[in-house]
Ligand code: SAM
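First, one chain by itself in structure tokens, the form predicted on its own.
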């Protein structure tokens, strides 16, 4: 969807916007379901990247204890516990720049994925940059979706990260889609961006061909020791507007209410669900940030008359649209995928 169209939607009166987004939601998601996802950091801290929002960067003094790649048995214990409490997708994140075929740690990750995939849950990973060969191996091991957020607009991105480029991220997304995995891609609100930056991020993601299977909408959790420490929280109304715009522009995608849910009241979360969110991260922790307790989440879901979406291990990546170019791998003339 074009920026001008997204801007016109975003600027509608609040209730007009969420009425439109609710109509799109009801037309495409007829069941009152919410996807419950658990996110586990399988390798924490010590990352060489300089993402200014991230406590895991080795460049900042955040007090975070660095942890090596978890042993497979420990990951399996957490995955089984997540399944027992109702999670239908198990997401594993690792703090590093990316993975490379033939390395010991990549082989270890593949073994972990193979075992987790046998539990019957959907398997999502976020491992940084991946090349074409690595993407194919991840797909073969059992990954159903790969998370790689754009975070913000191309224009604002250089204010947030300097150790990799926007095109680096787009290339990974193209590699993942070419390997047949679904893409989980969204952004973070509260990075010092403008409303136009937020809408440009949604524009880029909505123009992927195929569109993402899921779209996380994160609100910044300012981490002590990072450059964005002390940043003011995102307004609930700004968050709801972005969820509504994401729902309208990507009607078939799951829109995930992600980081920042600890700052939201049950009533605010209910408004997010009404506007089109139908997926949450669920459990005690979201990588290095707190997450609402399982019992409170289940109580809210029950209060709203929602139910947990069942896992779909046979989930196929969304199909590309024939009348659109494939998702860009970059914006340069030398790279036209």
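Positions refer to the first chain, counted from 1. For clarity, every value in this text was computed on a predicted model and none was experimentally measured.
There is another form of the same protein, the form predicted in complex with the named molecule; it is not shown, and what comes next is about it.
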Worksheet entry | Partner-facing stretch of 73-81, 142-150, 242-250, 201-209, counted where any non-hydrogen atom is within 4.5 angstroms of the named molecule in the predicted bound form | 142-150
Practice prompt. Look up in the predicted bound form whether residue 56 has a non-hydrogen atom within 4.5 angstroms of the named molecule, and give yes or no.
Written response: yes
Fill in: Partner proximity in the predicted bound form: residue 171 to the named molecule, non-hydrogen atom cutoff 4.5 Å
no
Discussion item. I'd like to check something about residue 233: if you look in the predicted bound form, is any of its heavy atoms closer than or equal to 4.5 Å to a heavy atom of the named molecule?
Written reply: no
Worksheet item: For residue 128, is any heavy atom within 4.5 Å of the named molecule in the predicted bound form, or not?
Response: yes
Practice prompt. Heavy atom within 4.5 Å of the named molecule in the predicted bound form: which of 175, 218, 88, 182 fits that? Just give me the one.
Written response: 218
Worksheet item: Can you pick the one in 188, 121, 112, 99 that has a heavy atom within 4.5 Å of the named molecule in the predicted bound form?
Response: 188
Worksheet item: Taking the named molecule in the predicted bound form, which residues of 252-266 have any heavy atom within 4.5 Å of it?
Response: 259
